[in-house]
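Form predicted on its own, single chain, as structure tokens, below.
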């Protein structure tokens, strides 16, 4: 299956670099480029890409607002935020906007390619370092009440959710709980369905917005 990608950045050379990098991959197809957030919203609505590589600072409309609008009309889209700004507020706001991951533009090429594939597979790209910073940032905001659906989670699903919020991968969760990767994936799928969440990034946002594991 080919991953259809929309590249969004206000710098022509940056867009060209990403297109060149992605063009060499047999399973990735760059379907379009956009230079502004407003153009990104239009292109995403027209082309319905699987993954959107989204810059944050752009004219007319920034990447955060573009992300909100795109995901507001297409819940299947996956947004990977690209930035040179390794700042807490950007990480926090990108996740709140609904982004599935956050990478720096100067990350190694292989890391970016892995990120695109990870996001396309429906998973979130959140390293433990990023997750720790998100936890600190959420500690400063007012808590919301957890959704009623949390009560429908099994004890094992709650354990898996707790480990997701720590930024652990499926393999790491499996080792922690002594279960297989396949079993972890099943638990993750079920808990996301029960909570009506798109991916792991949304699960982390929910957990820290509601203080679900504050007492742990």
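Just so you know, these numbers come straight off a predicted model, no measurement behind them. Superpose the two forms; the largest set of C-alphas matching within 1.5 Å is the rigid core. Numbering follows the first chain given and starts at 1.
The same protein has a further form, the form predicted together with the DNA, not shown here; the description that follows concerns it.
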* Using 4.5 Å between non-hydrogen atoms, is residue 59 touching the DNA in the predicted complex? -> no
* **residue 192 within 4.5 Å of the DNA in the predicted complex, heavy atoms** => yes
* Wondering, does residue 183 line up within 4.5 Å of the DNA in the predicted complex on heavy atoms? -> yes
* Asked: Does residue 156 make contact with the DNA in the predicted complex, using a 4.5 Å heavy atom cut-off?
  -> yes
* Of these, 34, 30, 188, 51, which has a heavy atom no more than 4.5 Å from the DNA in the predicted complex? -> 188
* Looking at the DNA in the predicted complex, is some heavy atom of each of 165, 175 and 205 within 4.5 Å of it? -> no
* Interface segment, criterion being heavy atoms within 4.5 Å of the DNA in the predicted complex, picked from 166-174, 51-59, 65-73, 35-43 -> 166-174
* Any chance the CA of residue 194 moves 2 angstroms or more between this form and the one not shown, core superposed? -> yes
* To do: Could you tell me whether the Cα atom of residue 164 shifts by at least 2 Å between this form and the one not shown after core superposition?
  => yes
* Asked: Any CA movement of 2 Å or more for residue 204 between this form and the one not shown, core superposed?
  -> yes
